[in-house]
Structure formats: C-alpha cells, structure tokens
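This document opens with one chain alone, in structure tokens, the form predicted on its own.
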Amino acid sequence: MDAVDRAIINRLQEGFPICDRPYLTVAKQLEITEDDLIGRIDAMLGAKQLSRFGPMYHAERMGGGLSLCAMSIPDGEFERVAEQVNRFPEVAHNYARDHRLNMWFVLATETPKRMGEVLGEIARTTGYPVYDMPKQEEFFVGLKFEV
C-alpha cells in the first residue's frame, strides 16, 4: 500500500459524494485520475486490504432488521465457519475477537422476520449456535482510522 492508497482510504472514510461523477470528484481532491481511483479501489478489494466498498444503509429505517451477532467457534474451525457465515449476503463486518465468543458480525435483513430465518440458517449451516444481540439504543460515534 503506497501513499496514494492510504490517502484514498483516509478520504473515503469521510464519506462519498452524492453527485453525477462521485469518483471523479474524489479523484480531483486526491489529485489523481478517476480511472486510477477506481483501479486502486478494485486492487485493494482484490488484495483484501479493503473488505468492502459501498453504501451503508440503515436497515431498520428501511423496514428491515439489524443486529450484532456472535458465535463461539473452536480455533480449528474458525476459517471454515467464517467462510460459511460470509456467504450469507445479509452478513457484514465479520471479525475475530479474543473472547469465548470469538466471531462477531452484523446481520442486516430486508424484514425483521427474516432475522430469525437467517440466524437459523447460519446455525444449521455451521453447526454452531448464533447469539443474537439486537441494539436497544443507538449512539453515533464518528470513528476514523488514519492509515
């Protein structure tokens, strides 16, 4: 990752413009070409330096369901189960934690009813229970990681 890639990541954490040519707008701010910006984002996604690039929707405001979920997975099974869990399009932000509950992810569904269905599907697919921890109150914390 070079200085331009770092600048791209730092800039994109501030948000993405809503306009006719958002990539061009950001590219100009970074003093690179639009094609270079798109190519570098694609390359960082391909190299898994970025896990995803896209909009974040507020599922609940759109009539859907949203929850933080956790699982307790034995070390030797972690990668296999992570791959299985990540195949569900409703799963985002899957990460490991140093805790008895060592796999945590966000589950967002089109309807609240679908939450229970997907939780059951994940448990059946992986063979491990999923702990559902829906939010009770929402707080906004502006978090940015300078790279």
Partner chain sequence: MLSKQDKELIAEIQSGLPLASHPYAEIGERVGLSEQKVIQRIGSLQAGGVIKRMGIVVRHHELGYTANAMVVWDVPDERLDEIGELLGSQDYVTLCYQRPRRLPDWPYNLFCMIHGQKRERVLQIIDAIVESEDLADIPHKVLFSGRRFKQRGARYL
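Heads up, when I say rigid core I mean the largest set of C-alphas that superpose within 1.5 Å between the two forms. Residue numbers count along the first chain shown, from 1. No experiment lies behind these values; they were computed from the predicted model shown.
The same protein also exists as the form predicted in complex with the partner chain; that form is not shown, yet it is the one meant from here on.
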{"item": "Contact test in the model of the complex: residue 110 vs the partner chain, heavy atoms, 4.5 Å", "value": "yes"}
{"item": "Residue 117: touches the partner chain in the model of the complex, heavy atom cutoff 4.5 angstroms", "value": "no"}
{"item": "Contact test in the model of the complex: residue 96 vs the partner chain, heavy atoms, 4.5 Å", "value": "yes"}
{"item": "Residue 131 within 4.5 Å of the partner chain in the model of the complex, heavy atoms", "value": "yes"}
{"item": "Stretch 112-128: residues contacting the partner chain in the model of the complex, 4.5 Å heavy atom cut-off", "value": "none"}
{"item": "Large Cα shift (2 Å or above) at residue 48 between the shown form and the other one, core-fitted", "value": "yes"}
{"item": "Did residue 37 shift 2 Å or more between the shown form and the other one, C-alpha, core superposed", "value": "yes"}
{"item": "Core-aligned CA displacement of residue 9 at least 2 Å between the shown form and the other one", "value": "yes"}
